[in-house]
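Quick heads-up: it's one chain on its own, the form predicted alone, in structure tokens.
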């Protein structure tokens, strides 16, 4: 009987990655670089850059994603900082309260947000869109920062205090640089989904505001598979560039200290 090696346990994961990651990405690349008749072409990309409305939608989606990410940082970092304070003995309970909404399907959360705006008689538009984005993705910003701050060596803070640093200097010179890898992870977990989402925009703006994900969805629904694949590839390239940038920034800050 042939002995089972450790490498064989990785076979199910390799099959899973091949079926649901590698092959779909290959099909997107294939459709993006071909015409409906099967010939190789770059016409799908030229069509995107020649359509002002599609380019404006792409730029607008980037703006919404940046605004959402910045708001999540401004709200999430202070919350994560407070929860990571060892003197706060109920931090685990509050962390659980932030995680609980993630157990509910995001479509249900978005529909509840729509009902809330209707109850308050607030018109649906850009404000409701950003509000819904922040509400859905804020926990993804809080948790990475909280985990980094929890694991941070508290001796570095004590060393900074022994060297005469005041609380503001301790935060700016020690805590903030050491927590930047968590901020980078939070940016990836918030920025990338907000670019590709379309359901939140459709529900919270009554489909009056289109994001880039909506354009891709409409292309696929209209059987424009080649054009939709080209748009998806553009989005994937942007996500890949963002991932590489944040990964480099995070790795360059891992050894952060007083200076």
Partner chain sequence: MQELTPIIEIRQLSKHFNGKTALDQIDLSIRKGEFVTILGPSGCGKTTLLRIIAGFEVPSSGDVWMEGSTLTDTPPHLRPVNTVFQRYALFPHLNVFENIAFGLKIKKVAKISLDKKGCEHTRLTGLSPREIEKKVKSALKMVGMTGYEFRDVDSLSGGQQQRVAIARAIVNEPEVLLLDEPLGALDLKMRKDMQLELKEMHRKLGITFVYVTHDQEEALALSDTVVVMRDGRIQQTGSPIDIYNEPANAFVADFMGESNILDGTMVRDHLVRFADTEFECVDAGFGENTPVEVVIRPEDIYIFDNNEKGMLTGLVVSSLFKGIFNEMTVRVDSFEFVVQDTRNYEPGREVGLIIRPADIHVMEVERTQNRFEGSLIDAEHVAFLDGVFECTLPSELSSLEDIKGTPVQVDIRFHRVILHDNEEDGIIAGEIAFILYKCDHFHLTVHTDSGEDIYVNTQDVWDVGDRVGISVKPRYIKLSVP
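Keep in mind that this is a model prediction, so the values were computed, not measured. Numbering follows the first chain given and starts at 1.
Although it is not shown, the form predicted together with the partner chain is what the next lines describe.
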By the heavy atom within 4.5 Å rule, which residue out of 159, 107, 75, 99 makes contact with the partner chain in the predicted bound form? 159
Just one of 130, 178, 188, 124 has a heavy atom within 4.5 Å of the partner chain in the predicted bound form. Which one? 178
Is it the case that residue 164, even though its partner is missing from this view, gets within 4.5 Å of the partner chain in the predicted bound form, heavy atoms only? yes
Find out whether any non-hydrogen atom of residue 93 is located within 4.5 angstroms of the partner chain in the predicted bound form, and reply yes or no. no
Would you classify residue 85 as touching the partner chain in the predicted bound form, given a 4.5 Å non-hydrogen atom cut-off? no
So, in the predicted bound form, is residue 150 in contact with the partner chain at a 4.5 angstroms heavy atom limit? no
Have a look at 112-120, 140-148, 99-107, 165-173 and name the one stretch with heavy atoms inside 4.5 Å of the partner chain in the predicted bound form. 165-173
